[in-house]
Ligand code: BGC
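First, one chain by itself in structure tokens, the form predicted alone.
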Amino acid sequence: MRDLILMNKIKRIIHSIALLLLVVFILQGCGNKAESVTASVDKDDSKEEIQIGIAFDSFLIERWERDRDIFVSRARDLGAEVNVQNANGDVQKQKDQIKYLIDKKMDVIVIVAVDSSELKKEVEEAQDAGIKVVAYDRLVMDSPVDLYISFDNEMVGKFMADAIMAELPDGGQVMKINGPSKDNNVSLVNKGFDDEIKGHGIVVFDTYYAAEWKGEEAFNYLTENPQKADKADAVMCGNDSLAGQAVRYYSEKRRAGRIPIVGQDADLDACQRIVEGTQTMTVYKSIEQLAKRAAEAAVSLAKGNNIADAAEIENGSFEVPYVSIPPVMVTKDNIDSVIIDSGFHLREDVYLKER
């Protein structure tokens, strides 16, 4: 009898242990399932922050820091993180920086090219790594970039020509002081200028290319070539920094305000020169519009979307998607409405020299 009782107790203990083990096994299985779901959520690509790299030529020109700040701010608003690189005008350094951004597994790399013809290999390497490439403001040549976004540079050249022709209705001799020839925008601006002056008696008798957009090169060139400088009836300058140095030269010759000088970018000192009458015109390019649109396009490309409103432009070997932002000519007549009313520069700053 005792043996029977003992046997029953042993059976109940074994049964209880078996039940306990079964419960533990079931709970463990549920726990594993919950952990697996959590891991799946953590790995959901839609939750990961978009990574954008932007490789600038330099911050030597006044506008580039403004481009950077607006682009970064808008990209962050859209949930992207931005890695900013600055090549300081060195094309090899920019190549190294693009490779660094490739290694950092960016979703999109935005390039302000130091040399428009030297980045084909880097663009291809980025795209081979599954990274979208945007050419910002300057077209990268012979490369199948995913997007080129810039201002209408031929229109910029047309505006420069129109301003000079208005000052020289009977024609005249024009000197060009361009930015570097390796910047594709220079060729586009020149094309717009040259096409516009045809048949209007305007003759380009001398052309100079300033390396790295350094304004002092314009002053040095004019100083070293006084016969050419004195022959010019007008000076077409690639940007406002170059125009400022041309104004400096002609001020010393007592010709400032009597010789038409044009530029672009609507730098503050250029706007000041326009209201005082020593620079004829500049070209306002809405950097806020360009930088915001570029940030939005970069985020859209990172999500796998195409840019619906893009046209196409030929870059030597490819037809690439192109978004164009319209520029605006700025003269003394419309500087208040274009520059001041838009908030680009403050009235008290533009009219500083008149106070």
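Please read these numbers as outputs of a predicted model, since none were measured by experiment. The numbering used is simple: start at 1 and walk along the sequence shown.
One more form of this protein exists, namely the form predicted in complex with this ligand; it is left out here, but the text below deals with it.
Asker: Would you classify Gln264 as touching this ligand in the model of the complex, given a 4.5 Å non-hydrogen atom cut-off?
Answerer: Gln264: contacts this ligand in the model of the complex.
Asker: Does Val330 reach this ligand in the model of the complex, with heavy atoms at most 4.5 Å apart?
Answerer: No - in the model of the complex, heavy atoms of Val330 and this ligand never come within 4.5 Å of each other.
Asker: According to a 4.5 angstroms non-hydrogen atom cut-off, is Arg63 in contact with this ligand in the model of the complex?
Answerer: Because a heavy atom of Arg63 falls inside 4.5 Å of this ligand in the model of the complex, the answer is yes.
Asker: Flag Tyr250 as yes or no: does it have a non-hydrogen atom within 4.5 angstroms of any non-hydrogen atom of this ligand in the model of the complex?
Answerer: Result no; Tyr250 lies far from this ligand in the model of the complex.
Asker: Heavy atom within 4.5 Å of this ligand in the model of the complex: which of Arg138, Lys158, Lys132, Lys95?
Answerer: Exactly one residue meets the criterion: Arg138.
Asker: Under a 4.5 angstroms heavy atom criterion, identify the one residue in Lys176, Arg273, Lys182, Lys285 near this ligand in the model of the complex.
Answerer: Comparing distances to this ligand in the model of the complex, the residue within 4.5 Å is Lys285.
Asker: Thinking of this ligand in the model of the complex, which stretch from 158-166, 182-190, 69-77, 201-209 has heavy atoms inside 4.5 Å of it?
Answerer: Heavy atoms within 4.5 Å of this ligand in the model of the complex occur in 182-190.
Asker: Do all of Asn153, Trp213 and Asn239 end up near this ligand in the model of the complex, with near meaning a heavy atom within 4.5 Å?
Answerer: Checking in the model of the complex: Asn153, Trp213 and Asn239 are all within 4.5 Å of this ligand.
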